[in-house]
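Only one chain is shown below, in structure tokens, and it's the form predicted alone.
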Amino acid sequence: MDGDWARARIAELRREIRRHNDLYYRDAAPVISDQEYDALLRELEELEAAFPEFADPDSPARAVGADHDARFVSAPHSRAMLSLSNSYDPAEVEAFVQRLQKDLDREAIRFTVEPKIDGVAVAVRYRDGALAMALTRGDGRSGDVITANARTLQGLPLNLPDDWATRFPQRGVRAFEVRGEAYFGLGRFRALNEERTVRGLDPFANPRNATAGSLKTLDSAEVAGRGLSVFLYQIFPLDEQDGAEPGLTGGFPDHRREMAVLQELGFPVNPFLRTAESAQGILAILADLEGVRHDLDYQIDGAVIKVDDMRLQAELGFTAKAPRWGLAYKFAAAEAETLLTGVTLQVGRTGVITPVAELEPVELAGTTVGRATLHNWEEIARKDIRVGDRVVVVKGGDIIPKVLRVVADARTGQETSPPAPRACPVCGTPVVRGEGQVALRCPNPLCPAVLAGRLRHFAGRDAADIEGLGGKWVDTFLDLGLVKSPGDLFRLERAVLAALPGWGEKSADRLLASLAQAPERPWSAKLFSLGIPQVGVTTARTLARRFGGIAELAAAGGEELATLEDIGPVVAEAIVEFFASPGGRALVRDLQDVGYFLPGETVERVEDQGGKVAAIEGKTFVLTGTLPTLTRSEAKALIERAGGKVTGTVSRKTDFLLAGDGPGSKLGRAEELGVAVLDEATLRALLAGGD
């Protein structure tokens, strides 16, 4: 295998995996199945092992995907929150058991098998019997603080029985943590989508995405109305206590006792928990679970297999990414056969035209499927897909329906191949195909479909973060001629908005207030909001650390861009083409005119230049109030880049409180504990190397 090829392929895989990490963890909008993602990750791991000279400590093969959101304060996990290794093959389950038998030098090992809930991981801390803090997984080392939203999870106790501490083998436990999966019950999910449709809101795509989005909603009252649930599967004390045994989860003898304690304390636990002492026994349980999965009121995508004995877990330990004593077995994607009745075309925000299969509705993985992606015309030709075919449809990872294959034996001769379009189905502009690309694209920047997609992207959570601008209202604004580009959003008038059907003064004020805050978004978020082809959240951050403003980035050449981390020749060319195109230049100029882009986006340049700062590295900060020029997320980014950490609660471990206008109760608590209070000017002095 050629070294130059391996280097290029490793770089390509890292970029692609990071892109899918952003889609899954940040956007809650995956576009490939878990199995396809794991195949990419395995290829990267194998190449990095074969070519250690290309090793990178920041490679996604060595890190857990992150769901960090700049709108939320983050806090460190009490212990690493790792993912399990994945398996799709029964032979890998047998190999897993054999490896552990060899590593432990013992034949008899008891395993537990329980459902793998297709939800969102959460860590919830209790102190003195009361819920104190909740975190998302984040990057496994720290997570976003979602305490207010966690309090709305159905069944999660806010306060525990007076005798709760007696359930722990250790004496004098005052604080502990539970971990589990938040999820939507399928019945509640269907009812929620019906409610949203009545209110004129877009329905959620699937329960997992809706769960992730709900936990990252700023209004906890809105989250409470959605009806999220949770299953817990781990509990351990947070205090150093007499009698605690290092490496053991809570000092419990086994996972079965751990689950029993959770249930005794009133935490919701999944009722399906079985044990086996051989690979054959595990596989039999997996078959039973797969047989009932579609009868459950929640989605599962597999099962979790663990060594039951906590002492053996401690002996086996962890890799950099996963425990050696556990395995996630993923069920095969659900399949169904149906009739392909037609092919329609969708135009995305970048103009890419995607063929979509119109299907005779069929039940698949607990939902009715009537459409499935066909990706592109090369894929249609490769699979020889024709209108009128009987096709097998699969839901990759129980999320994305797609046509897997044609049932060729069922053909009658009346089937017809769908022609590739010569013109955009929305605006009629002749389509183009870029050199070396398979996708057909509408090049018209004023195409209504392109405009709608661009506006939705611009308003997204990781972009301008415009609250109150749902998909339906984007279409309404376009139909009424109120907007034609993102810049027009900033020209909307309160009286016009308040007079719209379904609106009013409160809705208008909420949208205008969100638009007024958009220029304060981090420079990388504003860059991502432009919708430059090939530029996702991670790439936008890379660019924001190198270039201090939109003018500086627009003037960069392809060779300079291609040398940056995560940006190769293809991405560099896309960036250069965007800023050279009339549409790209017009979009940037318009956003400058309305004040969205600042003359110099200095925050992330300061962050990039600062590096570790002696006065900040290792120190713990809490933020409160409104700062003169920085948003909280920007201040947090500066502190973390300089080596500090930011938490949400003032305690004796807090080194600094960064306070702005309207600091609230945190200032009083800091003064009570003798915590140093800084203003923004002092923080900037520290970042510049001051004492």
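A residue's number is simply how far along the shown sequence it sits, counting from 1. Treat the numbers as computed from the prediction; the structure is a model and nothing was measured.
Another form exists, predicted together with 2-(butylsulfanyl)adenosine; not displayed. Remarks below refer to it.
Listed residue (254, 590, 415, 181) with a non-hydrogen atom within 4.5 angstroms of 2-(butylsulfanyl)adenosine in the predicted complex: Here the answer is residue option 181.
Contacting member of 116, 349, 293, 386, with respect to 2-(butylsulfanyl)adenosine in the predicted complex [4.5 Å, heavy atom]: Looking at the other structure, the residue within range turns out to be 116.
Contact test in the predicted complex: residue 220 vs 2-(butylsulfanyl)adenosine, heavy atoms, 4.5 Å: No, residue 220 sits far enough from 2-(butylsulfanyl)adenosine in the predicted complex that none of its heavy atoms falls within 4.5 Å.
Residue contact check: residue 98 to 2-(butylsulfanyl)adenosine in the predicted complex, 4.5 Å heavy atom: No.
Partner proximity in the predicted complex: residue 445 to 2-(butylsulfanyl)adenosine, non-hydrogen atom cutoff 4.5 Å: Heavy-atom contact with 2-(butylsulfanyl)adenosine at 4.5 Å: absent for residue 445.
Exercise: residue 454 in contact with 2-(butylsulfanyl)adenosine in the predicted complex, heavy atom 4.5 Å: Residue 454: no, not in contact with 2-(butylsulfanyl)adenosine in the predicted complex.
Partner-facing stretch of 82 to 90, 276 to 284, 541 to 549, 377 to 385, counted where any non-hydrogen atom is within 4.5 angstroms of 2-(butylsulfanyl)adenosine in the predicted complex: Only one stretch qualifies here: 82 to 90.
Residues of 126 to 145 having any heavy atom within 4.5 Å of 2-(butylsulfanyl)adenosine in the predicted complex, listed in sequence order: Just 137.
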